[in-house]
Every structure is written in C-alpha cells, then in structure tokens.
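Given next, in structure tokens, is a single chain: the form predicted alone.
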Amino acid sequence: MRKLGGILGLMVLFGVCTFGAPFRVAVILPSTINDFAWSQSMYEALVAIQEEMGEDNFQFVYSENMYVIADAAAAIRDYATQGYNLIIAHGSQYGSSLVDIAPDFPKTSFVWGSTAQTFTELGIHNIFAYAPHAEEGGYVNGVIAALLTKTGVIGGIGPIKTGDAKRYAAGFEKGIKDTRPEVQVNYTFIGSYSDVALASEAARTFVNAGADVLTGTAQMTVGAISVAKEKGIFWLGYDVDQSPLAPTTVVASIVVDWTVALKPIIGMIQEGKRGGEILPLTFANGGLKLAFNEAALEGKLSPIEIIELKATVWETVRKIVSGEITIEVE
C-alpha cells in the first residue's frame, strides 16, 4: 500500500529557501502505520517533517507490511527507479537489500537502521544509517521496573536479538540490576517482528512464572500489552507512547523521535552528500524521550510514592544525559 503525503511546489527546508521540486521520500515499513510501535514512530516523524516544511514542499510515500525481505527489496528498487531523493528502509532486516540495490542508484540516497552500518568499506557511499541508543531507554525502563515490582520477577520480550532490540534489552537488564540486584529478569527473543500470538504466549509464560512487570520492543508486542492489561500488571513501552492502548497498564514509554536523524540527513542530501553518516538518537539530542503515564499508577501507589518514583526516573534520565550513567552494549 502506498500513499502520497504532499504535492509539488516551492520548497522551504527549515528556513532555507530552495526553488524547484519538493524533497521526495519513500519509506519501507515492516508493519503498519498504526502498529503502536516501530512503523508508527517513523510514519509520525515523516508527518511531523511535512507539517514543518509544508505540504507543498515535502512529499512522501510508504509501503506497509513489508515483512517479506524479497518484497521489500522489490519495493526499494521500484522507488529508486522513480527517482526519490531518499529511500528509508526502516528495519535492521533490510541491510543486505540496500547493499545489493544502492550501488545501482548512486544519485539516490538510502537510510536504514537500527544497525549502525553504512557499508562504506564496500565502496558504497549513498547509504546513511540511524542508530537509536535504545540501551538508554531500556535502562530508564529497567529502573522503573525494579521500583515497581513486588514479586521480584520481571519479563521482557524482543523480536530478533539485533539492532535496537538487543540494545534495549541490555539496558533494561542493567537498569534493573543497578537498582535492585536481587530482582530476577527473564528476557526472551521470539525470533519474529510480526508474531503477535507468540509474543502473547511469551507474556503469559512470564506472568505464570510470577512476573508483575513486562516490557518489550517491536510491533508484535501489542499482544504482550494485551496480556499485561488482562492480568492487571504493568507494562513499559518503547517506540511510541503506548499508553493509549492500555491507559491503566502502560506506566511509561520510550518514544523514538526519528526527526532528529531525518532532518540532518535531508540537509546533507540537499547539500550534495549522498550517505556515509551514522545519526545517533539519544536522550541528550532529543532522539529519545520519556512519556510517563501517571494515570497507570493511581490507586496502586500512594501519591508520595508516585512523586518519589517520578523524581528517581527523571534523575536517571538527567544522569544519562550528563554522562554520570553509561551503559555499555556488546
């Protein structure tokens, strides 16, 4: 499925006027634009850039549900043939496709993530990468989980152990251990970005083992969130603010703001640079944000306990930004 997000006209890029055609972007999404996770966060970033630049100045199209790598590769090549300025392959699974396709379109720029690799060592110079430091967000959510658990058992569900999913899990476990070393953390990778039923099954297994706080990354976690809601336990989210899915369940979400990477990439392309740069997303540069949902705690913690929890959480964010807390990921 593809949709247009703008029309041709005068282009104004962040206050700099450029005459001619608008900047055109195509994005490959592994799931849907309303998945409350990975794909939705990128779609919302593109909408935000369009609102800032104006609908006459920025055009984007998207292809959803590109779980099959061969289908995604075909869409990437098709968009490149159409002459888009930037093609976003939004997923760590698409890297090999870009290695095959990008050399055939040297005037087109490509970007992918969350693996920090641009393939310049292969002689490819038109691929950018974005790399969210998900371990920072994972660490903050780990601190929250450690402070909330009463059973001393916490569960985490990831897709495939790579990219930001791997980094998030490492940060989450470290945040828990730095806060309450005695807490048991059970983290599993189900091997799929799309299997909602398998994510639900993993969540139920953790709950049956005593977990009273769950977390996870990628679009299949909507199933796990449903389980957390059903069982009346806490959920800590990633990618977008997931509290609308379960307002009394989702305590906090780490929101990834892809505009922090996309805006500089657009600027570099306009200046003639085709690729070769890795753009990080962190709490410090605004690429990661914490959305705290106090409503999920009302009636479960006292007002003083909520105040103290929030104070600890925001102090943790401050220490990550200042460098007082560092999280190493293998």
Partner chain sequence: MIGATLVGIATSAIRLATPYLYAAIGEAIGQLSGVLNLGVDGIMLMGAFTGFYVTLLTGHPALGLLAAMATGASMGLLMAFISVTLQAEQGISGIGLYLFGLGLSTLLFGMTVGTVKTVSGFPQAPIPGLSRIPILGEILFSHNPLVYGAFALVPLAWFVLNKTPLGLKLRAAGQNPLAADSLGVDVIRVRYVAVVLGGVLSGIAGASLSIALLNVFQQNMTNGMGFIAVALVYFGGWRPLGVLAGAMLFSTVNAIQVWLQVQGVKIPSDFALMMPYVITILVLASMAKRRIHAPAALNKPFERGGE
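Computed from a predicted structure; not experimentally measured. Positions refer to the first chain, counted from 1.
The form predicted together with its partner chain is left out here; the points below concern that form.
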Query raised in the report: Does any heavy atom of residue 93 come within 4.5 Å of a heavy atom of its partner chain in the predicted complex?
Result: no
Query raised in the report: Closest heavy atom of residue 219 to its partner chain in the predicted complex, within 4.5 Å or not?
Result: yes
Query raised in the report: Going by a heavy atom distance of 4.5 Å, is residue 81 a contact of its partner chain in the predicted complex?
Result: no
**Report entry** Partner proximity in the predicted complex: residue 124 to its partner chain, non-hydrogen atom cutoff 4.5 Å
**Finding:** no
Report task. Name the single residue among 248, 186, 120, 151 that comes within 4.5 Å of its partner chain in the predicted complex, judging by heavy atoms. Result -> 186
Query raised in the report: Pick from 243, 85, 97, 200: which has a non-hydrogen atom within 4.5 Å of its partner chain in the predicted complex?
Result: 200
Query raised in the report: Out of 175-183, 142-150, 250-258, 207-215, where are the residues with a heavy atom within 4.5 Å of its partner chain in the predicted complex?
Result: 207-215
Report summary line: In sequence order, the residues of 35-62 that place a heavy atom within 4.5 Å of its partner chain in the predicted complex are 35, 36
